[in-house]
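Before any questions on binding or motion, here is one chain by itself as structure tokens, the form predicted alone.
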Amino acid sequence: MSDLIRRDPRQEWIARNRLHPQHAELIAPAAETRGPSGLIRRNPHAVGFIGPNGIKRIDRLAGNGPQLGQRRGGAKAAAEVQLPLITVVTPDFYVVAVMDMVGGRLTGHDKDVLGQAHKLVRESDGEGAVVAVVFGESKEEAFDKAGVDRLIHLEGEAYAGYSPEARLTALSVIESQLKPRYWLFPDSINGGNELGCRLAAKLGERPATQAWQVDSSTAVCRGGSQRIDITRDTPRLLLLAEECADPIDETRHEVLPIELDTMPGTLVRIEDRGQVAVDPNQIPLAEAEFILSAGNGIHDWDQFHKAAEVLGATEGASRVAVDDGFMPRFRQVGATGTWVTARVYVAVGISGAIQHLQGIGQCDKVVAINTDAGCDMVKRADLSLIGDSQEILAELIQLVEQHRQGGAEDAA
């Protein structure tokens, strides 16, 4: 019986699910292997570890970073690690990546696209430069660490809001001026998919959509409702899926601006009338951008519902709150509920079970409100408030209402 091979269905499921936080750890290659000559060879790609939010981390200081008790600027504070600067003086070709820039900042999807752009540059002949195209207001301060060699920033009323016609005109000017070897777009609902399809139609290109494994010769795309892979020759225009490549995190780039030629006039047929106000609780959890989630630490549920209403947040809950009957089942967040990708996730009174942390692994910013400073949710959070949730929510509601009243008075 000991010779029988036993299958683990859960590990097989994780191996098939590339978005699972434990996927990379499960299929990671061995850190050291013994070669045919008997020498032990180290694999430089098998470094780092998977953090609690499912993101791979690399400790470049090898545990020699500043400790929590050290004061900033003190004699014991470690010097900041200066990443090597990559410069491209006279590029032979360009790879243009058009960014979504949700909220004026690079998203995780944008950084994946920039990583794919550098992968195509490395596999091509000659010295290439990655050009990032940004429309509208930009609050991003780390273009250099994201891998941007050249930056085209187009701002003004013409590019504010939903403006596909003006943006398409600008991309046409970039096409005639730079003649890029590849065009890369994030295949997302934030504008990348539509703008990429519009440019493909204008240039007469047949784009690759939902591409997630791309090199200079072949592109593997997801099809059949994410059930099958389609392999084709790598086209000039690519709509890339999330996690298509590793983002740039070990180098800095010079981010030189590029000025475009005179922009031709655009006949605008589409008018952006602004966003339509909707009830946040009518938005599915999987699509919500701002979630206020409740756990076992909530004792005043009327106050929690009021806080969500005042903040304009979609309500979520931990499994404990759902099992106790305080929230419906479709509000449950986690691996056994709904996997969320919110820009801001506020966890109130949630300790942070592993299933819950897996469900919020793709959230950009996590805020924890808890009385336990050592719980897993506080360790995962980008910002933590240690104290009674009822008092903190009451203060938060008061501050938001005062801010809105002040804004109304200023408008009057």
Partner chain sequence: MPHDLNLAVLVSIGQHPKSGRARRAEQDARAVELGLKLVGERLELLHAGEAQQEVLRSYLGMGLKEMTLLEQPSAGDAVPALGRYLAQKRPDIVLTGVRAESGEASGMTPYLLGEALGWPVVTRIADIIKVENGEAEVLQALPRGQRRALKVRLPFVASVDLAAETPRQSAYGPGRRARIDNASVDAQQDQLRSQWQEAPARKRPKRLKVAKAKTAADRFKAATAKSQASGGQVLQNESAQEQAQALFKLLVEEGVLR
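Under this definition, the rigid core comprises the largest set of C-alpha atoms superposing within 1.5 Å between the forms. Predicted, not measured: the structure shown is a model, and the values here were computed from it. Positions refer to the first chain, counted from 1.
Another form exists, predicted together with its partner chain; not displayed. Remarks below refer to it.
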item	value
Proximity of G337 to its partner chain in the predicted bound form, heavy atoms at 4.5 Å	no
R222 within 4.5 Å of its partner chain in the predicted bound form, heavy atoms	yes
G161, heavy atom within 4.5 angstroms of its partner chain in the predicted bound form	yes
Contact label in the predicted bound form: S384 to its partner chain, heavy atom within 4.5 Å	yes
Heavy atom contact within 4.5 Å of its partner chain in the predicted bound form, the stretch among 124 to 132, 297 to 305, 321 to 329, 281 to 289	281 to 289
Three-residue site D112, K365 and V400 fully in contact with its partner chain in the predicted bound form at 4.5 Å by heavy atom	yes
Interface residue in the predicted bound form among L256, M263, L85, A201, criterion: non-hydrogen atom within 4.5 angstroms of its partner chain	A201
Contact residue in the predicted bound form, chosen from E194, E315, E140, D144 - any heavy atom within 4.5 Å of its partner chain	E194
In the predicted bound form, residues of 355 to 382 near its partner chain [heavy atom within 4.5 Å]	K365, V367, I369, A373, D376, V378, K379, A381, D382
Flag for G191, CA shift 2 Å or larger between this form and the one not shown after aligning core	no
C-alpha of D279 moved at least 2 Å between this form and the one not shown on rigid core	yes
Did F93 shift 2 Å or more between this form and the one not shown, C-alpha, core superposed	no
